[in-house]
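Single chain ahead, by itself, as structure tokens, in the form predicted on its own.
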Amino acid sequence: MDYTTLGRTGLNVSVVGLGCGGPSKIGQRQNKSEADSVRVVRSALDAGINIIDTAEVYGTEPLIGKALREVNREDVVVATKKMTPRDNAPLSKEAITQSLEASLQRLGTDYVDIYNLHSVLPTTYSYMRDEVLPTLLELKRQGKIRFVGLTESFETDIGHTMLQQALQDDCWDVMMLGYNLLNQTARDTIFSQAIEKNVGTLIMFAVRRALSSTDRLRDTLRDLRDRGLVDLTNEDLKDPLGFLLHEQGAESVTEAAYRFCRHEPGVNVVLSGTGNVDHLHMNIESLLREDLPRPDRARLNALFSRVNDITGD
């Protein structure tokens, strides 16, 4: 496993993080047993992954708690999240504190390393900063939170508007955002500022349906072509992104997608979620490979330079 420093937190974290939400929820969406999901978490830890991301709404905190019972708590960076209102409805100090205490109980720990405000909208950001952050900082002083962060609602805030607001303030230790080779807008809008302010970054959406299914990728590229956002021919669509697959390049589009994110300046941790141990190890192997060949990366950058309105799902 490779490790890096998560921005200003100073935490030494694996470049691969285990995501416990998303389409899999470590197998719970596929009706896997609790034992199967716990096995995925422990396999991740055995492989050297030391940062785990979950949330109160995922329903996976208790599974992580079970997986952590037999490990040294200080060896694992645990991040969880508090869901935020879709409008400026009050989020009281008592509600935040109760949510955190419930998460701690489910996780079987007395502190979380990173506590994120979950899926913050551009319209609610200022409220979260002015009214909610003080409570998080108080909980931090109590030792129940080590670092504070927030995550964007990438499905509705594809242009990272909220995080651009947040980067104007010097109060967040970590940010979670959507980024992939199809939508590279965060390179100019987020990463350079995150580097400047030393804010840690966790990447979601590195690989979703459009980069794991040939049919879905073909449909996505056809739509982008028809809207004049990419320059592709019918021949290109017969073998979507086939130029990435060669002896010095990647073995699959999925592998290329992970490597593309992993080696982007400003990216600290790429989250990978799955309910299958073999799939987990395949993703780890992809993320630990070297950067894509420079001509391939340059071609991807140019091909998708005008795309700014899809998530890659």
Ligand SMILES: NC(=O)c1ccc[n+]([C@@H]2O[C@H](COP(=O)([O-])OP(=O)(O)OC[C@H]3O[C@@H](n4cnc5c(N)ncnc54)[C@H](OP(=O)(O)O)[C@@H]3O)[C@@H](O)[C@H]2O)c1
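Each residue number is its position in the shown sequence, starting from 1. This one's a predicted model, so the numbers in the text were calculated from it and none came from an experiment.
The same protein has a further form, the form predicted together with the ligand, not shown here; the description that follows concerns it.
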Checklist line | Candidate stretches 240-248, 42-50, 259-267, 276-284, one within 4.5 Å of the ligand in the predicted bound form by heavy atom | finding: 276-284
Check: Is there any non-hydrogen atom of residue 16 lying within 4.5 Å of the ligand in the predicted bound form?
Finding: no
Next item on the list: Answer yes if any heavy atom of residue 151 is within 4.5 Å of a heavy atom of the ligand in the predicted bound form; otherwise answer no.
Entry: yes
Next item on the list: Mark residue 82 yes when one of its heavy atoms lies within 4.5 Å of a heavy atom of the ligand in the predicted bound form, and no otherwise.
Entry: no
Next item on the list: Look up in the predicted bound form whether residue 212 has a non-hydrogen atom within 4.5 angstroms of the ligand, and give yes or no.
Entry: yes
Margin query: Is it the case in the predicted bound form that 9, 111 and 199 each bring at least one heavy atom within 4.5 Å of the ligand?
Written below: no
Checklist line | Sequence-ordered list of residues in 185-214 near the ligand in the predicted bound form, where near means a heavy atom within 4.5 Å | finding: 204, 205, 206, 207, 208, 212
